[in-house]
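Here's a solo chain for you in structure tokens, the form predicted alone.
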């Protein structure tokens, strides 16, 4: 993999965690988009069990909690993210029904047919879209729903630079119709699919990173790995502004049958 096209996951875990910990979101999204995706889910009650997989610090989880009844468990690999998640839950007096736990999406702590809803914003790529849909399905009750946002191509053809970047970063990126097909094949009825607006990237993901980068570089002045991490994020942002008509995040919502 070339230097400038490094995947975020090749950097030191602790540094990545620190870089993103102060941000409300660790990926593109917005409260409005979370609420919109939730509007297609019709099976929730106060007794419902919801899992937010790859929850990060819980920006979207708290929005879910405000708009959905039921108990929510957030799961993330980074203990620091989960500490922030649980502190926020307590601050908002949600601790009785919203809690975060440290865990891997490859080894989830649920029983078969336990969950009413699986949520995952910008995180399923860590395990792979197809694998996640297939493996997580067993945890859902029949009629339970899954809602995930996933990097997707908007066009069949695109410039070589952005194609090359994504083929290295996440080879499973695909056009929307193929992703919907994978969802059907995995045993879900597709309920809704929609493209996240541009501001989910610009206003809610890249803009907050600008001041965070300055602080980070000041703290780690002379640290090559930290500098490369920031350079990597800036390069990714530049590519988005240059090629945003060719790709973005798409919400995929399905119901287990």
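Since the structure is predicted, the reported quantities are computational estimates derived from the model, not experimental observations. Positions refer to the first chain, counted from 1.
From this point on, the text means the form predicted together with a small molecule, which you will not see here.
Stretch 98 to 106 is the contacting one of 138 to 146, 180 to 188, 98 to 106, 160 to 168, since its residues have non-hydrogen atoms within 4.5 Å of the small molecule in the model of the complex. Shown alone here, residue 51 lies farther than 4.5 Å from the small molecule in the model of the complex, counting heavy atoms only. Not displayed here, the small molecule is kept clear of residue 134 by more than 4.5 Å at the level of heavy atoms in the model of the complex.
The small molecule is not shown here, and in the model of the complex it never comes within 4.5 Å of any heavy atom of residue 64. Shown alone here, residue 129 lies farther than 4.5 Å from the small molecule in the model of the complex, counting heavy atoms only. Contact with the small molecule in the model of the complex, defined as a heavy atom within 4.5 Å, holds for exactly one of 151, 72, 123, 117, namely 123.
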